[in-house]
Structures are given as C-alpha cells and as structure tokens.
Ligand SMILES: NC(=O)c1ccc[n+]([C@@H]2O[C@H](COP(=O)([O-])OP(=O)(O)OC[C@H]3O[C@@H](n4cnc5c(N)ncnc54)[C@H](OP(=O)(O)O)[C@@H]3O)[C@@H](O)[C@H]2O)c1
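Below sits a lone chain in structure tokens, taken as the form predicted on its own.
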Amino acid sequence: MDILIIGGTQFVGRHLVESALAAGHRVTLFNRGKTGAGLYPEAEHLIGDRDGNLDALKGRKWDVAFDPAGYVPRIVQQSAELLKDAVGRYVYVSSISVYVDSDNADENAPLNVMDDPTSEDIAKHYGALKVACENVVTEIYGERGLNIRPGFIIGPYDSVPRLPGLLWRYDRDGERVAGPPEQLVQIIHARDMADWMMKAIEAGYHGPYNLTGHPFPMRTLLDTIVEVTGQNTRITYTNDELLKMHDIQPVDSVGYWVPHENEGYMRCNVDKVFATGFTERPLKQMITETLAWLRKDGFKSEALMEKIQSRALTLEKEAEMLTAWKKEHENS
C-alpha cells in the first residue's frame, strides 16, 4: 500500500511509520520538517503545515492517510477535505476521552459535546474537540473513515511524562509511595496500536474502535516495574486520601493513579477490538522496551526531563508523604 502519515516523527506517528515500513508499505510523511528531520530516510518526506499549507499534498494519491496528531476540527477538516478524492481511507487517532463516562463505555456510549463550538482550547475541551474531529472524518469519508479511540498509550518515544516519570522514580534504590494496590490500570503499547491499525485497513474496518488493553491491578504494574528496573525498591501502598491531601495530580504525578470516583477511566470496554483478534504484548515486554529507550535516549532529552521534573512526584515530596503516612499509621 501507499501510505500517507500526517506527522510521523513523534510518539504514535513514529510507531506507525515503523509498522508500515516493516510490513513493506510505501510511506510518505507530511510535516513541517522541524522535529526528527533525519528520521526514516527510506520514506518520502513532504514539507508543509497542516494548518494552511497543504500544497505538497496536492495532485498526489495514496491508499490510506493516517492522522495521529489532530486536535482541532478546523485543522483536521483541512487535510480531510483536501484528501477526500486522493486517498481510499482516512484513519484518525482520537481518544477514549470522547466519552461522557468511559466506565465500561463501548463505542455507542454517549459522547462529549462542545459547550462553545468556536473554542480551540485543547486543554479545556480535549475530549469534546476529539469528538468534533471524529465527526469531520465521518462526515467526509463515511465508511471510508476509521476513528481510533486509544486509552493511555505507552512505549518508546513517549513524550508525555506518565510512564517515563514513573520509571524515572523507580529506576533507583529506595522507597516509593503509591496509591491503592487494587486500582485498575488500562494501557496500550504504541506499537501494538500501530500494528492493529495497519491490519484494520487491510480488513476494511470503519467507524469507531476503542483501542486499549484489558485492565489490570496497579500492583501488577508496579511489581513488574520493580522487576524490570532491577533496583532495590520498596513500595508503600497508601490510599486516595493521602494523595489528595498532598495535592497529587491524577494520572501524571504518581503514574496512573486516579481517585476511586474516577477509576472508570481505566475500565473502558474493549470487546469490539479484541473480537477482531487484537493482541497486546506482555506487560513485562512493554516496560522493558520503554525503559531501554529511556535509559538510552529518553532520560537524556532535556525536553522530556523538564516535563518529568515539572509533573512527576519529586523525591523530596515523596519522602514527605511517606513520613506522613507512617506517622499516621504508627499512631492508629
């Protein structure tokens, strides 16, 4: 197949490129040429800007276009409309944040709606903007459109300091603080996601698909991390009250912790995608691959380390929390 990837030089885009090349497809990348300009010399590179400068795409044809980095419907509409007669299929990477309530939400569950249709505030309206982007793809492509709704994505090249921040804290000796051990975690490796999308195009799938793994307990995640890092690490499990008292930000600061009332984010229904034969690699392999990349490249990235240090739990605050927890429980 002839494949166009909008972006292709960051996280999910890189896994899409590598999956497509490994499968023997011809790949074209369209981006501004500012990030990872030297990556994938075996692919064709077109320079432009998806917001107002799509000239390099004109007069060309591809079997499928992958859009892994569209956040604003106005911008997604530009590429989707330009390519409607130039590509056979259009695959948009959305999010399970589209749901009003993701707890056991299947693909027909109620979706978020923009209270201000003109807003492009991604931080404030992330889920609703993703819904609006999906609507653009569906309106233009109909059954030629495929909307992928991933959960929390992990793997090499990750620039969001969730798992990288968690591994940074655990890749050292010492005592680590965690939330409840039974809390569920639901993640997907970016390469598993990319490989399934390639197969989905070949199989002719269309419409929305929740694409993430089966939930498992937090204890399983953290025990696996300790095993993979090989450090002398002790885990002290606590509760929501301690983390809330210390103003811990859900998901990011301690790594996938969410308060009990928000645990539905980790229980999205994935029956539809697993019914297609989707498989996820073992958790230990996911962690091993991500840590290997972090030790080789990720922890050397100033941009990633700046994010980790601004959002992950600091070692100093962690020690303070552990002291508070032990003092409370010694006196109880």
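Everything numeric in this text was worked out from a predicted model, so none of it was measured. Heads up: residue numbers just count along the shown sequence, starting at 1.
Quick note: we don't show the form predicted in complex with the named molecule, though the next part is all about it.
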Discussion item. Within 4.5 Å, heavy atoms only, one stretch in 91-99, 258-266, 237-245, 223-231 touches the named molecule in the predicted bound form. Which?
Written reply: 91-99
Fill in: Answer option from Arg295, Lys284, Arg60, Arg32, heavy atom within 4.5 Å of the named molecule in the predicted bound form
Arg32
Worksheet item: So which of Arg191, Arg162, His206, His125 gets a non-hydrogen atom within 4.5 Å of the named molecule in the predicted bound form?
Response: Arg162
Worksheet item: Might Leu111 be said to contact the named molecule in the predicted bound form, defining contact as any heavy atom within 4.5 Å?
Response: no
Discussion item. Residue-level contact is defined here as any heavy atom of the residue lying within 4.5 Å of the named molecule in the predicted bound form; does Phe216 satisfy this criterion?
Written reply: no
Worksheet item: Contact between Ala43 and the named molecule in the predicted bound form at 4.5 Å, heavy atoms?
Response: no
Worksheet item: Going by a heavy atom distance of 4.5 Å, is Tyr141 a contact of the named molecule in the predicted bound form?
Response: no
Worksheet item: Within 4.5 Å of the named molecule in the predicted bound form, do we find a heavy atom from each of Val12, Lys130 and Pro150?
Response: yes
